[in-house]
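In the form predicted alone, a lone chain appears below as structure tokens.
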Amino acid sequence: MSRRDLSAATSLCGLLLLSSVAGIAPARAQSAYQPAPPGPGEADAPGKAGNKFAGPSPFAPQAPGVNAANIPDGPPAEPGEVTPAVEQIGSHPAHGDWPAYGRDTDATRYSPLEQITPANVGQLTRAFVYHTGSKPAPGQVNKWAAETTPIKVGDGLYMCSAMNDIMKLDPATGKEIWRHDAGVKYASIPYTAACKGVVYYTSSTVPEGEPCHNRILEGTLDMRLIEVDADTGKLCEGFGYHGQVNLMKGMGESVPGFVSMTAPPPIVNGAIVVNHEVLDGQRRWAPSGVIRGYDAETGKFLWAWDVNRPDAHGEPAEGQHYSRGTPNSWATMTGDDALGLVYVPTGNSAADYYSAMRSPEENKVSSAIVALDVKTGSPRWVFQTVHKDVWDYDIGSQPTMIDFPGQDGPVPALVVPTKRGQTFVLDRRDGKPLLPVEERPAPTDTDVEGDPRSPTQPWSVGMPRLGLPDLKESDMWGMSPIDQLFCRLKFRRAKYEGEFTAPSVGKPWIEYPGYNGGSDWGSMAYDPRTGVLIANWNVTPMYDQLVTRKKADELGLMPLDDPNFKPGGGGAEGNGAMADTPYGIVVSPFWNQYTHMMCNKPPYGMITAIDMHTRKVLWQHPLGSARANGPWGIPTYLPLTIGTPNNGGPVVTAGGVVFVAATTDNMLHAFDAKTGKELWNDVLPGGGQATPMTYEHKGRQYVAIMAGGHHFMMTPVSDALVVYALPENK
């Protein structure tokens, strides 16, 4: 499930932890636990009483879906064959381009540019600032967090706004060349208004020089695929219904904001592979997490992978829908043209913190990498990073493809970052670990009836862990002895048995790493020349407790699709109704709620370089300063590097420089790739919760970062894309 953010933590030196998840809404109308008829993928027949996987019937009437563009559904489609595709530029990017979200189809976030070096990076100045125009309007609740990484191809810098407008800019000046208004409405924003990026596609059927030979593709918050001409921004009429495809087809009952796309879909051998976010914390029988393929030329449906309908790859028949509540995938996927696979990072089934109602099929593929055949949608292999996940440890990072040194030569490998800080290295051909993975005993003590935990969990012992030791009472911390005592008492009150402490109803439990620990959606960067992997990561615990359905109703927790739902009534990144189950969930940071400071001592964010030849840490240190943070939300302006929570990834260049923003100090940072020394930084007009990129245009190297801010990180929201370059030689 999609938990891509965590509130920032404060420290005595100025690290603010956000308070937004702490509030509890006043009581509202009840939303009682009422098991429904059995759902798909169950052992018992539909309608049979006593089925433990109770859920809506797969044959229930389909309610009208969210369809912002009024795109006709058409009859249900059977699996189809893709239009043969030409090789796309992301496979072999031009030297100065950044044509894909991760720069290349391997998702390395590595650029061969070397004009900017450790010796001159300190001379960077702003070349231009572009404003997308996408910010909260007066009276609107701030849900903005653009998270955008632009792409650059030839003479165009392409990007999307937080609300899915698509723009082409002049790479040297930031002048807007064209803009496509996507028409997304505020009601369609799920937890966050975000658009991580767009996709560049070259047609195999439209001749060069004709409209829509080169195209820009995006998925939208209101569940559409849109293709526009890269030169003009006009819709590609031959794609879908006048340039758009309705992704709510077959999804069944929903409301605006329940399901959405925020990540750029990969195009693999001509197939657009589509995943989507399903809003956390709502109900067990939420909309499906189905993965689908569409023809990049025509928008025609190709196949579906529906976990509880494993042999049904077509669209559901009239009056039916995809199986509900299945694990969804909201992270950016990685496509492998050579093997004909797409690597899908999955999350939990709906109702993250309670697993008793999940089907065996769901338990096999949650919090995993699933390699799907892009011709058929069938899984080739599955590697699971957490068994029976009830900690929201979904995989938020885009996996990276590398050539791993093997005894008989390079092995096609996949690097898989996780929220646990465990990094798995797999053979892309079969999903088997290339480095040792151990199944270690995990805590199983729980007072949640009928929901036993897995006795073991996987640990990647062949890679350095991106994490810190388990918490101890003596580690409790605060700005005064009284604050420290408060946190020690809070620690004693909670259940804590180390990583994978099982959920509890009778008392709170500490989740550490928290659901934004380790690597989240920013992913990692890999330099294929040196074999060095760069990762920034979080160390932030959570304080969780399951509550009875009666208590959840008293707290006013209800799902988004409840007629009585109002903002603040429970949702993603905090307290949730988990309707259709016996429990709700109360989630908060493990903090002092009076000072808004974490109970564990800093650092809360780190950056690490790992030599993949030896799997040794080359350098590691805290990431982020206290300048914009402080107790009670008061900035200290202290230039102390203490390590702040961060969201957004790094990039690395042949020039030997690592660029990363992500932190709650609202800065873009540059580090020496060899030593980790900070070489330069600049204060941004908003929070830098995005992954930067770099490109070359007319002999000049630029570095771009979307300083859109983040509502949940409580960094300043702006609409500014900030682009840097060295001073021009005159």
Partner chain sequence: MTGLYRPRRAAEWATCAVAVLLVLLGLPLLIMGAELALLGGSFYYVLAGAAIIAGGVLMLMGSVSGALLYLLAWLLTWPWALWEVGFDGWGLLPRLLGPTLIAVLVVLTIPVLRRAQKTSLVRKGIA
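Numbering follows the first chain given and starts at 1. Every value quoted in this text rests on a predicted model; they were computed, and no experiment measured them.
As for the form predicted in complex with the partner chain, it is not shown, yet the points below apply to it.
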query: Within 4.5 Å of the partner chain in the model of the complex, heavy atoms considered, which of 338, 634, 479, 119?
result: 479
query: Pick from 602, 630, 90, 243: which has a non-hydrogen atom within 4.5 Å of the partner chain in the model of the complex?
result: 602
Stretch from 576-584, 200-208, 594-602, 381-389 whose residues place a heavy atom within 4.5 Å of the partner chain in the model of the complex: 594-602
field: Touches the partner chain in the model of the complex: residue 484 (any heavy atom, 4.5 Å)
entry: yes
- prompt: So, in the model of the complex, is residue 488 in contact with the partner chain at a 4.5 angstroms heavy atom limit?
  reply: yes
query: Does residue 261 reach the partner chain in the model of the complex if we count a contact as any heavy atom within 4.5 Å?
result: no
query: Does residue 426 make contact with the partner chain in the model of the complex, using a 4.5 Å heavy atom cut-off?
result: no
